[in-house]
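Next up: just one chain, as structure tokens, the form predicted alone.
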Amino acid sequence: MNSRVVVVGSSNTDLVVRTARLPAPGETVTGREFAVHAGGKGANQAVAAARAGAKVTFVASISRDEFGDAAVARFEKAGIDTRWIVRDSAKPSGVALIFTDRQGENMIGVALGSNEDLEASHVAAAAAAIREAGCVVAQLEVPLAAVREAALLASGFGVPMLLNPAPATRLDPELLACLALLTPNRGELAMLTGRPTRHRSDIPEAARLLRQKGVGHVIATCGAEGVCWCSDFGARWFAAPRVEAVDTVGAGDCFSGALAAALARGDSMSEAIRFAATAAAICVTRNGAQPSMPRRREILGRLEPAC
């Protein structure tokens, strides 16, 4: 395989406040730490894939402001191809406001800003890069029309399309039928299917509904319970490496980016899932989204032997 990954998605700057516990509605909780980190689900996944060894092209809409200039400079430093980043939006670059507590759990609010201006035509302009990719990745922090264009192009070129369905919303049958891989967490899986996912046994049942609509592989991330891979061969669970979580922001993005990198490299699905789960486990032991993404050699060094 060619190890090339195209990521279509969002870029944000994360403004993080660390508190002893997360605030309830209407409550003010005082925090002692504040940090500014690079974020956005698309950018997180692009950085995760690049650090996991892929040659990454990023398709995005990022304003020419202080946050946007810093983001593009970081991508270029990381070796990410930025030719298809559109920078003519009149809106400010995206910002996420994040609370994290002592257990590493979080609450996030996002102002999409220039991410809202990514159009299908911008994605179509990168068709040559998509044609040459080993995997195309998207999320739902940009307009659905852009995501749909990426999926249609990837499907037409015979390139696997991975969608991380976050923030969760119902998806139309045409889009679902184009997806080789879908990587929801259990809450997103419930939103997509309208089915409960509280119990371990609920996960394969909900995933089966999405596969009936044309999704090739549903790979549900379930935190400490592990990862459930649902395919033509049924459901298979992968254990999550045991770690002490410090910050879970970006863990799902790390998983999706590392998974895409491994598949583009030619790993089998089971190898790719184990690789991605290990990457995500390393990610949650560090603060911040993009700063926490591990490199391939580190992931391989922590990868446990297959049972």
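Note that residue numbering follows the sequence shown and begins at 1. Worth saying up front: this structure is predicted, and the values here are computed from it rather than measured.
If you look for the form predicted in complex with a small molecule, you will not find it shown, but the lines that follow are about it.
Novice: To test your reading of this chain, name the stretch in 72-80, 152-160, 107-115, 209-217 whose heavy atoms come within 4.5 Å of the small molecule in the predicted bound form.
Specialist: It is 107-115 that comes within 4.5 Å of the partner.
Novice: Counting only non-hydrogen atoms and a 4.5 angstroms cut-off, does Cys178 reach the small molecule in the predicted bound form?
Specialist: Residue-level check for Cys178: no, no contact with the small molecule.
Novice: Residue-level contact is defined here as any heavy atom of the residue lying within 4.5 Å of the small molecule in the predicted bound form; does Ser61 satisfy this criterion?
Specialist: Judged by the heavy-atom cut-off of 4.5 Å, Ser61 is well away from the small molecule in the predicted bound form.
Novice: If you check in the predicted bound form, is Ala96 within 4.5 Å of the small molecule, heavy atoms only?
Specialist: The answer is yes: Ala96 has a heavy atom within 4.5 Å of the small molecule.
Novice: I'd like to know whether Asn44 contacts the small molecule in the predicted bound form, with contact meaning heavy atoms within 4.5 angstroms.
Specialist: Flag for Asn44 set to yes.
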